[in-house]
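Here's a solo chain for you in C-alpha cells, the form predicted on its own.
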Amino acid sequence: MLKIPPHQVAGHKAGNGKLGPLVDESGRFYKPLQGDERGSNELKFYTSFSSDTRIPEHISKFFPTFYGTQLIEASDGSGLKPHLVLQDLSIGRVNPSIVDIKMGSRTWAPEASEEYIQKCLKKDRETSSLPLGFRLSGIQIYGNKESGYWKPERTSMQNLSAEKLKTILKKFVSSNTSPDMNLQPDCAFAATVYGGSTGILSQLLELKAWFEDQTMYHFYSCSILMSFEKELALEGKNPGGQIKLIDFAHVIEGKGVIDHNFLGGLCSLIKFISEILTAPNEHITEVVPSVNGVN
C-alpha cells in the first residue's frame, strides 16, 4: 500500500492532485522520475554511483540505497509513471526531527540553461546560500505528544542571517522547541546528537575527508538530510543522529577537479555545528566559504 511520506520536509509533495514521492511499508521510497534531463541525470547518477567500486563503503552509507526504477500509479492520478525506487530514510523512526540543508553557495551546474542559471542565482543571492554556503530547505522538530512537530514554512527558513540560522540548528537539538525565535534554545541534546564518535559532526567530518579528495562528481543543488529521535535522547539512549545526501538531479562529472562548491558549504556547516558543541551560548562567528572550499 503506497502512501504520502509522513516526514517529508522539502521538495515536491504529493497530494491534492500534485505529483510527488510515495512510500510503502517495506521501507522503499518512490520518487517520480522527472521527464526532462533532470530525471535522466538523476537516474544516471544512481546507476553509476551504486555500481562504482571506487566509492568506499564508509561513504556509500551516506547515500540512499538504490533499487532501480519501477512503474507505479502516480500520486497526481496521471496513471503509470516511472519512479526511482530508493531507501525510505525515515523507516523505523517514530517521531523524527529532520532538517534538509541544500549545499553549496551555487546551486546551478555549468551546463544549465541561462534561464535556469538566472533563476537559481536569484535564489542563491536572496537566501543564505551565497554568503554561508548552504541554506535550510525544510525542517521539522518534534516537541512532545501534546505539541507535536514544529514545522515552519520552508520559505521562512531560507533567508536567514548567520545568527538566526545558528539558532535554528541549536533549536534542532533542544528540549524547548517553541516557535518563538527570541527564546534561547537550551541545546539539551547537542552532545548526544551532534557530538560523540558516531554523532552528526563526526559523520560530517568523515564526509568532508572524502570530498577533499574525490574528483568523480560535482554535487550541485544536493541536500544533506540530518535526523534523530528526540524521545530516545530523553530516555538516555542513542538518538540515532545521522546524515544522508539526497537529490542528485544536477550532479555532473568531476573530471578530475575537486568539488569546491559542495566542500565549501560543508566546511561552513561543520563550523556552525562545531561552535554549537563547543560554545552553545555564544554567538556565531560570521562564515564566508572560501572559493577553495577551506575555512
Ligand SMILES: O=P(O)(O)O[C@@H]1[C@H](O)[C@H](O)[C@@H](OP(=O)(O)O)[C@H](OP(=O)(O)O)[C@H]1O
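Please read these numbers as outputs of a predicted model, since none were measured by experiment. Start at 1 with the first residue shown and count on from there.
What comes next is about the form predicted in complex with the ligand, which is not displayed.
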- Query: With the partner left out of view, is S137 within 4.5 angstroms of the ligand in the predicted bound form by any non-hydrogen atom?
  - Reply: yes
- Task: Using the partner position in the predicted bound form, report whether H12 sits within 4.5 Å of the ligand, counting heavy atoms only.
- Result: yes
- Query: Using 4.5 Å between non-hydrogen atoms, is S174 touching the ligand in the predicted bound form?
  - Reply: no
- Contact label in the predicted bound form: K44 to the ligand, heavy atom within 4.5 Å: no
- Kindly confirm or deny that K208, F211 and K271 each have some heavy atom within 4.5 angstroms of the ligand in the predicted bound form. no
- Considering R93, K123, K170, K81, which brings a non-hydrogen atom within 4.5 Å of the ligand in the predicted bound form? K123
- Can you say which of 67-75, 113-121, 161-169, 196-204 gets within 4.5 Å of the ligand in the predicted bound form, counting heavy atoms only? 113-121
- Task: Heavy atoms within 4.5 Å of the ligand in the predicted bound form is the criterion; list the residues of 88-108 that meet it.
- Result: K102
